[in-house]
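In the structure tokens that follow, the same protein chain appears in two forms, which are kept apart as structure 1 and structure 2.
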Structure 1
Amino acid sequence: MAIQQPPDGPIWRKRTTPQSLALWFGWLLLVLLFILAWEAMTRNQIWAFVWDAPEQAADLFGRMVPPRWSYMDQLWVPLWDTINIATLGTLLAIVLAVPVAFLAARNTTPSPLLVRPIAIFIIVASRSVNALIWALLLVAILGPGLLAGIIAIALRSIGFIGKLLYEAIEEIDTRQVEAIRATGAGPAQVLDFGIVPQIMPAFAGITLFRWDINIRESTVLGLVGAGGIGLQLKSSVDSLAWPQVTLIFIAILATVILSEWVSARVRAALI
């Protein structure tokens, strides 16, 4: 008699009564949490504004079209400033994030108990604060201008680049490193020939991805005085020049699409 083989994949089993009760209790808690959150969010909501929102949106849209194309002559310099903020901020972040990443990686840090926690703290602190908040603080310290925006983008990007890069360093093939070390190579040669070639594809992808993100983030830094096209957006909104706002939105969208295309082409060429 042939032995019947068990079916592939997980075997379905009926839940026990305690398991079913626990599942229903979990769903009940989730529904209760949603109700409490909704109550907290809508406690001070004026619903008359919500019901009137479609009419107000239609009225605003009617004032935003057609765009004021003649205003484009005043946007070329702010757009160029926005791209420069993103590019220079990304470059500055690379200079600062690469050493932090090597100090944070378990297989390259000089001290897992002292140096690595400090490097991890720097990465977490950078990722915890939005670029707009960094810009707000830097404008108060350095004054309005592009420098505050560049440093804000850099401080925000250190955590992103550092985290992804140190994870890539930890995932390298250690056999290549050991083979180079076995030839008598020093620490600098091991880094140059054993580690860097393995992480370069990831490094290129991380850098381009972050630059693409920074193009988007730098468009709003001008709202707090950190330069870029956000300054024109704020002044247009404050003066109720809605056709200019529409044109600024179009310019930002075109810039983001262009940066996405450039990033994809360069990434495809390097990786």
Structure 2
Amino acid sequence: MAIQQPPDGPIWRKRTTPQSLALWFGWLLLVLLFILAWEAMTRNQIWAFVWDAPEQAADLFGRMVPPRWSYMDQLWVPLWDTINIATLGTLLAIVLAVPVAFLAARNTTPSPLLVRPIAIFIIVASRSVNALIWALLLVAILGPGLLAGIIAIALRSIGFIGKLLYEAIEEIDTRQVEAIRATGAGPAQVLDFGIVPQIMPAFAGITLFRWDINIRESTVLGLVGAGGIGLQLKSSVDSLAWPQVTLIFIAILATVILSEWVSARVRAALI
């Protein structure tokens, strides 16, 4: 005789049968996809190169240390160029992104049907292309140099700054705008006194954040010829001068850490 009587209704389960079947099927699909992708990816792989990777790594490391410190003399100018690319690129991006953000925000756009989709498209197109690809295009069009790097950084940053800024504009307190408008202010005055003061902290934060990212990105733009320390990196890698590569990595790492520290300090002072 059973000690416990089964309950009258159905027993509680976390998922119904179709749900757990769907889940199981989903996992099966993922595993199959993974195996297919792996097969396709490694079809032309020469595994002999992979099996000796640990030896290659040890060999590479042996050639990378010690860094060639004397090479630093030639790195100061490229480092300064790198910082210039990031900073001037960010400034250019601000000039371009602020109007786009105001055109894209639902509450400030002049026309939600005509202008807003265009502004959103600019933001999306800018965001979906990496700064390095922008640089590749601009070097092909404008020729190598700092200018291509600055414009590449600016074009990539428009989407980032524009997206975060227009979201900040859409989230403002409408009562303040209402109050300014009630005093008889025109549209420009409403913008100046009602909207801009509310988004200023967000704007400062976004800009600093992007500047920080841009310092990182501008360190590698030189790989495609757009100026900065990446140029030295490319020539050192191409000539297999690994001690120089190590020094460049150290310089890049130090710059990135320094820029993070600066942006954290400025952020703390402003916000």
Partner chain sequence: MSGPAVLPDPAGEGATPGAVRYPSHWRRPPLISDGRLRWAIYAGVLVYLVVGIGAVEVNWGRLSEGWERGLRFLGGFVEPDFISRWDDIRAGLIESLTMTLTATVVGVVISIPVGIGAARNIAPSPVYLACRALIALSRSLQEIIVAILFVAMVGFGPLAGFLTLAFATIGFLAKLLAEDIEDIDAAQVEAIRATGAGWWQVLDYGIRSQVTPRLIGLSLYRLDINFRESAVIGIVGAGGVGATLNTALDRYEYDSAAAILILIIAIVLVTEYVSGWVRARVQ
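Predicted model only: the values in this text are computed from it and were never measured. FYI, numbering is relative to structure 1, first residue = 1. Rigid core here is just the name for the largest C-alpha set that superposes within 1.5 Å across the two forms.
- Annotation: structure 1 represents the form predicted on its own, while structure 2 represents the other form.
- When the rigid core is held fixed, the Cα atom of W24 travels 2 angstroms or more between the two structures.
- Core-aligned Cα shift between the two structures at N44: this is 2.9 Å.
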